[in-house]
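Next comes just one chain, in structure tokens: the form predicted on its own.
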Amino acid sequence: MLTALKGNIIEALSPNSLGLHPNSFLVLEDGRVAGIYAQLPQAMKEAQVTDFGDALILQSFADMHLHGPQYEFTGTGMDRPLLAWLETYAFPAEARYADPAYARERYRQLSRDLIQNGTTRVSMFSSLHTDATLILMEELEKAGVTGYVGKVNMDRNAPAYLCETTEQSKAETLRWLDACRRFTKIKPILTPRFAPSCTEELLAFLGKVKAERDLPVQSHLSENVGEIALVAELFPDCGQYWQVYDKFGLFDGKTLMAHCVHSDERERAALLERGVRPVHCASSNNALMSGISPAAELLREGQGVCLGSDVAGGTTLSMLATMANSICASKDRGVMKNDPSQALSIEAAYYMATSAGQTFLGAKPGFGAGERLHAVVLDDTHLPMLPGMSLRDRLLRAVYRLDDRHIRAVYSEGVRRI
């Protein structure tokens, strides 16, 4: 069946270029992208058109780093640095997910709120609780969210009420992976919380499971200086943080590493060589006083930088706000270093929030032909239209001024969700 969306279509083709299609048709065949046309070709004249007028039709967002059980306290405790914040807020909240009924209620709301904010793709941390992790995966699939979810592994450096034994962590990881086979749109991703929370025995086990089952991995890397010092103390045979993951086979082209705020040239070279994807989380880096990631530099080096809200270190699920935060943080870095090239462009921010995550998940960038439609329709028509205002300018303004109240429609996997 042929259908089409009509409006001002903007796609992220690369970190440096936008595909701008004013007053055009995004044509779909059975929910898959057939092409973008200024006018419907004769062979497509019978397409059923949904006309969004002068609204913006964007790729929906890919949030490639957030913590599901932390969503409930988003915006709380923003006066603490990372490690103190974990002890005071994050760990007590995550412990509550031992209760499946509690997890069901909270994760259902989170899944709905993601779609309401135009986010249809994720890579998400759950807690260490297997049953709650499976509930999160179920609720995301029901809502129309796709991507990865990971059961967290941690067998040390966590409170007694939220710490597995090594054998428990191994057994529960295998139980979780076996139970994941029923999911079609949300897939498992191995998730050592971060190197300090895992013994070498557990990391070695995860590396073995990754190799045997060809699984992706997500974790944290060089987020703040206290964390880096702790890694050096716990793993004295590894000269740098990244080498801990690499030592155990957890550092390759199927790996996401959140933050990379303090990654030096050597660590960045290793990221690039191995094909590991950094995930930039400007909001949480600011809120938890971790620093400002050199996101623009990473992109220029050829790194496949994705974007993450990092809720609840980050303060919002909105990827529009996350893009704005990222641009502003990069400008601050540029001022501090007296280097304007540190500033992220709207092309880069939009790419990081959409196509970078899409490609990690195996899809083409932009509105790739043959891909199932993932799109968000933003209505900015209540704002003044300046003479000669370009679609690029409207996109940039939308990032700064629009939110979920201005979302008219969200499509995921070719299906309209709102």
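When you see a residue number, it is the position in the sequence shown, counting from 1. Since this is a predicted model, take the numbers as computed values, not measurements.
In what follows, reference is made to the form predicted together with another copy of the chain, a form of this protein that is not presented.
This chain lacks the partner; the member of Thr74, Asn157, Gln243, Thr199 within 4.5 angstroms of another copy of the chain in the predicted complex by a non-hydrogen atom is Thr74. Residue-level contacts in the predicted complex: of Arg80, Arg268, Arg108, Lys185, one residue has a heavy atom within 4.5 Å of another copy of the chain, and it is Arg80. Look at 385-393, 348-356, 48-56, 362-370: in the predicted complex, residues with non-hydrogen atoms within 4.5 angstroms of another copy of the chain sit in 385-393.
In the predicted complex, His220 stays away from another copy of the chain, with no heavy atom inside 4.5 Å. With a 4.5 Å cutoff on heavy atoms, Thr315 counts as touching another copy of the chain in the predicted complex. Among residues of the shown chain, Arg333 is one whose heavy atoms approach another copy of the chain to within 4.5 Å in the predicted complex. Contact annotation for Arg96: at least one heavy atom lies within 4.5 Å of another copy of the chain in the predicted complex. Shown here without its partner, the chain carries Ile292, Arg397 and Arg401, all of which come within 4.5 Å of another copy of the chain in the predicted complex through at least one heavy atom.
For the stretch 313-330, the set of residues having any non-hydrogen atom within 4.5 angstroms of another copy of the chain in the predicted complex comprises Thr315, Cys328, Ala329, in sequence order.
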